[in-house]
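The chain below stands alone, shown as structure tokens; this is the form predicted alone.
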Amino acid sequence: MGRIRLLPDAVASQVAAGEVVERPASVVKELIENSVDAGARKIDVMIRRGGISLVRVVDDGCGMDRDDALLSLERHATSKIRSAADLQTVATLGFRGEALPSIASVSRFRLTTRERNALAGTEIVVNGGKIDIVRDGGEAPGTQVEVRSLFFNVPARRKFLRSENTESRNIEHQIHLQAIGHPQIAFTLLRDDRLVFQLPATTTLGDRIRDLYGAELLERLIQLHGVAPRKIQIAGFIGQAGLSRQTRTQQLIFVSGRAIESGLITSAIREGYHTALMKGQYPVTFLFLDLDPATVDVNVHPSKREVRFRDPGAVREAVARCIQQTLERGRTEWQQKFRAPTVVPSIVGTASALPQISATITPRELPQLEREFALRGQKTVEPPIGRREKMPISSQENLTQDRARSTPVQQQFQIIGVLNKLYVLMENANGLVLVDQHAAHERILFEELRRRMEEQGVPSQKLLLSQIFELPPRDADWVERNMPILQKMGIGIESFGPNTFKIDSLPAFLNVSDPAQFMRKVIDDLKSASSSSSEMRLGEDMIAKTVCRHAVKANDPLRYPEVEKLIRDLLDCDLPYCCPHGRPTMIQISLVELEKKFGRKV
């Protein structure tokens, strides 16, 4: 007797429903996506007991006639696609034709719908996948779906649901995603007959972010202005350097209006921030990508949370470069906001000049940095080579005479003093600015040393014994394609057979005990790096540690010209917002915040 049998329709429906309907939030997601595809301008969601007892979604979309309403409850019945070729150019959120029948098979389901010009609508009641009632309905134009007693006929699935509060939070998060992805649609959420939020339709993404997350977060976001290839349109907002979270909960990614989860784009975002983000932290992003539908495969998973790109390398490169350019363009705003003054208001301290990197330093001379940075007592402050002329530091008496002879002029900020021999205090039109002198000097030295090593090349040192190692096929293919880049970074590597390589030299400034293990780590690190990344990527950690030792420390007193030069050099950096470890260099405390602290404002 044969062992293979066809499953009953009821069992097959429940198996299929398990792929689409994981929890009440999945129901809300699928119903809202149908409403968006129907052209709704207003979507109301109501839940009870975390969506387990009731989920109701009401929209003012195009609605359906009776025939379409009945067909919508049949598996793989959809208005979104007509043929297999249409799967290559899906432009709607839904297309599989599985959501409504899957939801109806595991709940007590009610659908009412009416077209705009129809005299009467249609009401359909389904219990556990079986249609009980089909009759005329008198609801407003649009579609209303009620899902009651979710998983009432699948008790095993119901046991896996979390608490009502947790399920409610998941639903709220899902509506947040849809609201961010479609700011032109008004959303309302009622939880146990209590209004949670009511979002009006907006014309801009910024207004929707402000409505959901508050004006304070919006003020700390930067609108994306990077240049992307023609076929990849990138828009949205990213957090300023220093704005981060411990999880990815506020790292939202949308592709053609669809909220997705993508390890590829997540790594590209991380690459775009690079040294502007602390390790273990995740940036706040509202990232929107618009691509030709033919270059994106959304038919990967029934929940449609994952997508595949025809050219993943181009997408990763575009996202990373766009974020890098956006952060770098913020320098202009910083220079306007913190432009150095032309009048010396006071003497900040009494110390020698800031330590500077020698004009002839090479990567081989890194161990000598400590002696070179220790040289103090010079009478001039030398800015980075090739950027500015030497600026003489007047003696204390000359500073006093200059201050007495000077006349007040309008300026962007005024240096007030130094707090605890670490934080430079400045006043500008917005309030108080604090600068971490150590973090600021770290950034200055980091970019200067990296630039010089790039210009002078990365010296390599021959190994006493060449190392032979094997790699998995994918990693081996990556090494073969990128061997010129690795050699330019100071790694002497060449093929030594199928999936086998030989290393005979490494960068001179790296202390590597196991070259094979080092190469595996290099491959993992560089796979997510953009093609425009610094050639010194392998040495950046070493450079960051080096400049940390030689930068101005806490308790190092600085005079006014030194502080002024520190700020000016910082603003000339590519990423002046943070040190190489991702810590902020400057923070602003607004006058409004100070007034609240003193009780002048509520």
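From a predicted model like this one, the values you see are computed outputs, not experimental measurements. Numbers follow the displayed sequence, beginning with 1.
The same protein also has a form predicted together with adenosine-5'-diphosphate (ADP), omitted here; what follows describes it.
query: in the model of the complex, which of the listed residues (G257, P141, P101, G206) lies with a heavy atom within 4.5 Å of adenosine-5'-diphosphate (ADP)?
result: Flagged contact: P101.
Contact assignment for adenosine-5'-diphosphate (ADP) in the model of the complex, among G94, G272, G121, G239, heavy atom within 4.5 Å: Checking each option against adenosine-5'-diphosphate (ADP) in the model of the complex, the one that comes within 4.5 Å is G94.
- prompt: 443-451, 512-520, 79-87, 165-173: which one contacts adenosine-5'-diphosphate (ADP) in the model of the complex at 4.5 Å, heavy atom to heavy atom?
  reply: One stretch meets the cut-off, namely 79-87.
field: Touches adenosine-5'-diphosphate (ADP) in the model of the complex: P576 (any heavy atom, 4.5 Å)
entry: P576 lies outside the contact set for adenosine-5'-diphosphate (ADP).
query: Going by a heavy atom distance of 4.5 Å, is Q325 a contact of adenosine-5'-diphosphate (ADP) in the model of the complex?
result: Taking the distances in the model of the complex, the answer for Q325 is no, it never comes within 4.5 Å of adenosine-5'-diphosphate (ADP).
- prompt: For V563, is any heavy atom within 4.5 Å of adenosine-5'-diphosphate (ADP) in the model of the complex, or not?
  reply: Judged by the heavy-atom cut-off of 4.5 Å, V563 is well away from adenosine-5'-diphosphate (ADP) in the model of the complex.
task: Would you please decide whether S505 lies within 4.5 angstroms of adenosine-5'-diphosphate (ADP) in the model of the complex, comparing each non-hydrogen atom pair?
output: The answer is no: S505 has no heavy atom within 4.5 Å of adenosine-5'-diphosphate (ADP).
message: Can you list, in sequence order, the residues from 54-72 that come within 4.5 Å of adenosine-5'-diphosphate (ADP) in the model of the complex, counting heavy atoms only?
response: If the 4.5 Å heavy-atom criterion is applied to adenosine-5'-diphosphate (ADP) in the model of the complex, 54-72 yields D59, C62, G63, M64, S72.
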